[in-house]
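What follows is one chain in structure tokens, specifically the form predicted on its own.
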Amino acid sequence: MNIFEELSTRGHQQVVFCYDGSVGLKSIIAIHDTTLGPALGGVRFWPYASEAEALTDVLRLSRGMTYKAAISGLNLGGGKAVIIGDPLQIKSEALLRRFGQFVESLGGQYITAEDMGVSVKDMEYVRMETRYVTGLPEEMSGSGDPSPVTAYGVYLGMKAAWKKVTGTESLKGVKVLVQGLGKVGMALVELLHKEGAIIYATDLSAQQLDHAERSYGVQPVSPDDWYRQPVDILAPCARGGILNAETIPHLRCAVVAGSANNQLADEIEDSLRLAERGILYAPDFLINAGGLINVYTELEGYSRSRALARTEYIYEATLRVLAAAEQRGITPHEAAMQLAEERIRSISALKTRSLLPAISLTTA
């Protein structure tokens, strides 16, 4: 991998490699764009197969955060961090606090939060070393677990996409497959259950599937061929890249709307593949923005009711993106990207104009 070519292609401002062998820390912090504000994004703790894989992931995720903040109307830039390793094996207080020291050294250009492999409790350790952290426990005046708010945004985006396809937003009796039963996936299942959807689900954990089946009447689907299950809506809620040249030809759904980041293995080609099959795609970085909205609210003094109220914007924003895609003759993913870029450019121009000297006119 040519690192500098990758940075140039994706438009990143800064990438920081953080290493401390004494505590087992191997981490990468990527700052994509800070036009709208400081870069905010979670830290993902994952046993990547290689350092190159970790770098690719953090570059994609941080870029996605830029578009997520922009399309959601937030005054934030895009950033992300990864810690390389198995959190069950190497996670420790010392490692997390050392990571916090690296975050602090960036002076607020990057604000961290929780992500896969990291808990709310872990963020307490990070907070011991840096001011620039969100996703803290509620007893520390933080927002706590963002999963319910993320799931609520996905649920609203799903309803908007279903309305675009059928003319009604009701999901009662609609067949939905939730791929991945982590915190967000399970919270989404609960919301769908309350509305009366017919829920299918798949997960690598038999325990999670069993819990979903007993609690919400979910119908289990094999994790090997979930993408062949005939449903109305597919909700990817696990890792990214699952919509690709191999899986898309076998999908049997009308809508894709889920919480996973970077669901499209290839943003352009796979969004076109979905469109050619007549499958409406609700852009992931738009409808999964509830978690980001949640921690953004924390920066100004957290209120769950205010976070949920802001998250409700996702419904209108999804309809706006889908309408723009239709009007411009492009895919929903492209439309969401364009609208996000248009906001970034307009605010950048506004900031540039604010630096121009004022002209004073006087008369005798």
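The first residue of the shown sequence is 1; numbering continues from there. Here the structure is a predicted model, which is why all the values come from computation and not from measurement.
Below, we refer to the form predicted together with nicotinamide-adenine-dinucleotide (NAD), which is not included among the displayed structures.
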When nicotinamide-adenine-dinucleotide (NAD) is placed as it is in the predicted complex, which of 96 to 104, 81 to 89, 162 to 170, 141 to 149 ends up with heavy atoms within 4.5 Å of it?
-> 141 to 149
Considering Leu264, Leu192, Leu181, Met123, which brings a non-hydrogen atom within 4.5 Å of nicotinamide-adenine-dinucleotide (NAD) in the predicted complex?
-> Leu181
Of the residues Arg228, His211, Arg277, Arg239, which one places a heavy atom within 4.5 Å of nicotinamide-adenine-dinucleotide (NAD) in the predicted complex?
-> Arg239
Using a 4.5 Å heavy atom cut-off, are Thr202, Pro223 and Ser259 all in contact with nicotinamide-adenine-dinucleotide (NAD) in the predicted complex?
-> yes
Counting only non-hydrogen atoms and a 4.5 angstroms cut-off, does Gly135 reach nicotinamide-adenine-dinucleotide (NAD) in the predicted complex?
-> no
Residue contact check: Gly185 to nicotinamide-adenine-dinucleotide (NAD) in the predicted complex, 4.5 Å heavy atom | yes
Would Asn288 sit within 4.5 Å of nicotinamide-adenine-dinucleotide (NAD) in the predicted complex, counting heavy atoms only?
-> yes
